[in-house]
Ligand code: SAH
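The form predicted on its own is given below as one chain in structure tokens.
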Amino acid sequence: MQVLSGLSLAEIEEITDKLNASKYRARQIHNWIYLKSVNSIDEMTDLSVKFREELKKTAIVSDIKVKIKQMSLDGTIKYLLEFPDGECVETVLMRFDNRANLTACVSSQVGCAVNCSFCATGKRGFIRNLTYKEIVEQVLTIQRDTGLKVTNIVFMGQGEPLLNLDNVLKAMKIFNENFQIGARRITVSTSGILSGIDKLADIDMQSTLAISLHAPNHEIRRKLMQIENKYPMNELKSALKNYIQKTGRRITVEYLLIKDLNDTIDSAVQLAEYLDDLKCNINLIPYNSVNETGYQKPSKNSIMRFKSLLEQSGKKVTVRLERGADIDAACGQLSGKADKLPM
């Protein structure tokens, strides 16, 4: 049985050709999938009943199940999705007051090999990459369930996107061409996979590159992120300079603030020095609680002091709004495990 979600228009045309239908029918199906986000072929009401019955013999809209859905007090929605092989990932829809933007935070892998000490996903270890269709399905699931149109995509869910770069790039192309989401509204976040950053520089990616830095120096970053042992900060900086030079684009630096570890005045000074000659914006992320890490969120005063010190360097600095922490949907809290969620 052919799954329609994730197919290009040309691939859908192959299906309609076999059914002796016109290319116009393929365009109708394509629109129902990506622009109207239907759950079933029966909902494609501008197709004849006879044609729908023929199509249902060879195709279905999706084979992904929503295992669990949770809604935060702030309107954030988290989905635990189950794939046909039984593996699960979480994806999140974030809504912000007084903004038209609807942001989908998508996963790129089941589990994660990077295993940052502050992140729930890494504690599962790496299980497998997601296909580009499974990435696309996360956004389609959100749109089918809510009836809303996703406007922004962030690859900040489970997994390291640059360790599954081919599928991520294919999914980005579909988001751009089929969902009509502009490249500038897509962000790819990485812990610092140098080969992936170099590849994105070579293809001149028009989307935003976000770097999960989270530390002002090698010693603290090595404690937080095992990736620092393979790709140390000095080499990462060289790759980022090359990326900025080739693309001309500003990067986003993500910095997780952890009480008494990397939120000190010295940390702010060192971070400002490290970023001084990089064309970047800085996004500060107050730590969100994850079991067994021992880390704590800094005080509001500490967060604002850190922000003020960085702003003195001339960089644009923002503090990320916390979304979905009450349902473990905030940054670093996704695990993709059903046994940690309420039924």
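In this text, residue numbers run from 1 along the sequence as written. Just so it is clear, the structure is predicted and the values come from calculations on it, not from any experiment.
What follows is about the form predicted together with S-adenosyl-L-homocysteine (SAH), which we do not show.
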_Tell me which stretch of 174 to 182, 128 to 136, 113 to 121, 71 to 79 has a heavy atom within 4.5 angstroms of S-adenosyl-L-homocysteine (SAH) in the predicted complex._
113 to 121
_Under a 4.5 angstroms heavy atom criterion, identify the one residue in Val89, Ala104, Leu256, Val168 near S-adenosyl-L-homocysteine (SAH) in the predicted complex._
Leu256
_If we define contact as a non-hydrogen atom of the residue within 4.5 angstroms of the partner, is Pro298 a contact of S-adenosyl-L-homocysteine (SAH) in the predicted complex?_
no
*Though only this chain appears here, would Met205 touch S-adenosyl-L-homocysteine (SAH) in the predicted complex if you measure heavy atom gaps against 4.5 Å?*
no
_Taking any heavy atom pair closer than or equal to 4.5 Å as contact, tell me whether Trp32 reaches S-adenosyl-L-homocysteine (SAH) in the predicted complex._
no
*Is Phe155 close to S-adenosyl-L-homocysteine (SAH) in the predicted complex, meaning a heavy atom pair under 4.5 Å apart or at it?*
yes
*So which bits of 181 to 218 sit within 4.5 Å of S-adenosyl-L-homocysteine (SAH) in the predicted complex, heavy atoms only?*
Ser189, Thr190, Ser191, Ser212, His214
